[in-house]
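Below, in structure tokens: the form predicted on its own, a single chain.
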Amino acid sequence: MDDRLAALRARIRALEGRGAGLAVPPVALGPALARLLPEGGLARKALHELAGPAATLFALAIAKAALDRPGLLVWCLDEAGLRARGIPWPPGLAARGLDPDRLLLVRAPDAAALARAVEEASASPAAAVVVAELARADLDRTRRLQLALERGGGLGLLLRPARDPAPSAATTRWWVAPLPVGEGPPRLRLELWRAKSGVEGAVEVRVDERTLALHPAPALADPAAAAPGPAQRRVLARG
């Protein structure tokens, strides 16, 4: 009964035009984020923007959860991004439960070629998740990516170096920052600062380094603990 009711609600939302991503089950990210997301998870067939010093780690956790269905993780970057941040390292992905055989790396020579590659990947039904490291993405570009994701059926993650107040077609826009931590798994503050649902807020989570699951972060015993270094913040190993 619950499955039939959920399917009926999804069908009604699709007919009402309330977002193509809500016509399929969302990506479940755990109870810590469920209260911020109308359907209890992150919408598929939709573009989501992540910015901040720990955005890559959040993107990796989302991608791991979104690969609960068949398809590739397509990671797109250009030569400038490659020089600045390196590339996802397959052994590092495997250590966190991500199958390297499902990773497709797209290296574009410049920003214009990267934008075209991201749009093409987003429109492909072979892609379960598309991660794009785009420094610039205006309203027209994000609209094109959203339409491509609706055709392809995957989930799009747009990694930005900084928060951009300019209009965007992204369904959600996040600021992701590391929290102080002594020993133990990384901790993140996830701020949902723009959402088409109108719901905004912030949660603090800890990231399981083995499974990339997101759990509510307990209060720190030592608030003065040092902030994590760059290697801890990335967690996604890069070569």
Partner chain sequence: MNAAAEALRLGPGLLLTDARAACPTLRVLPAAPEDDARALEAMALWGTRWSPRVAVDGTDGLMLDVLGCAHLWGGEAGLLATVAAAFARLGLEHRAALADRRLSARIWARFGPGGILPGPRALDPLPVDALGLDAATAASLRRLGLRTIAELRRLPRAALARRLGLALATRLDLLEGGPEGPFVPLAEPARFSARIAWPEPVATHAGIEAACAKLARDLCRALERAGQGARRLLLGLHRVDGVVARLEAGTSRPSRDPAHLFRLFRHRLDGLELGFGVELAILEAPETVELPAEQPELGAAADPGAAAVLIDRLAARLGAERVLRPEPVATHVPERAVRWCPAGVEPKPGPWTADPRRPLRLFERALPVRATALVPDGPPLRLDGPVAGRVIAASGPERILPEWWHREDEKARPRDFFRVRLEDGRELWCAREGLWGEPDPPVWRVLGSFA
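Residue numbers count along the first chain shown, from 1. These numbers come from a predicted model, not from an experiment.
The next section is about a form of this same protein that is not shown, the form predicted together with the partner chain.
S.K.: A84, L139, A135, L147: which sits within 4.5 Å of the partner chain in the model of the complex by any heavy atom?
M.R.: It is A84 that has a heavy atom within 4.5 Å of the partner.
S.K.: Note which of A54, L29, A170, A43 lies within 4.5 Å of the partner chain in the model of the complex, where distance is taken over heavy atoms; exactly one does.
M.R.: That would be A54.
S.K.: Give a yes or no for R160: in the model of the complex, does one of its heavy atoms lie within 4.5 Å of a heavy atom belonging to the partner chain?
M.R.: Output for R160 is no: heavy atoms all beyond 4.5 Å of the partner chain.
S.K.: Taking the shortest heavy atom distance, is R143 within 4.5 Å of the partner chain in the model of the complex?
M.R.: Flag for R143 set to no.
S.K.: Taking 4.5 angstroms as the cut-off for heavy atoms, does E209 touch the partner chain in the model of the complex?
M.R.: Output for E209 is yes: heavy atoms within 4.5 Å of the partner chain.
S.K.: Taking the partner chain as it sits in the model of the complex, is I62 near enough to touch it, meaning that at least one heavy atom pair lies within 4.5 angstroms?
M.R.: I62 lies outside the contact set for the partner chain.
S.K.: Answer yes or no: in the model of the complex, does the partner chain come within 4.5 Å of a heavy atom in every one of A111, G198 and P216?
M.R.: Judged in the model of the complex, none of A111, G198 and P216 sits within 4.5 Å of the partner chain.
S.K.: Though the partner is not shown here, which residues of 85 to 113 have a heavy atom within 4.5 Å of the partner chain in the model of the complex?
M.R.: If the 4.5 Å heavy-atom criterion is applied to the partner chain in the model of the complex, 85 to 113 yields R85, G86, I87, P88, W89, P90, P91, G92, L93, A94, A95, R96, P100, D101, R102, L103, L104, L105, V106, R107, A108, P109, A113.
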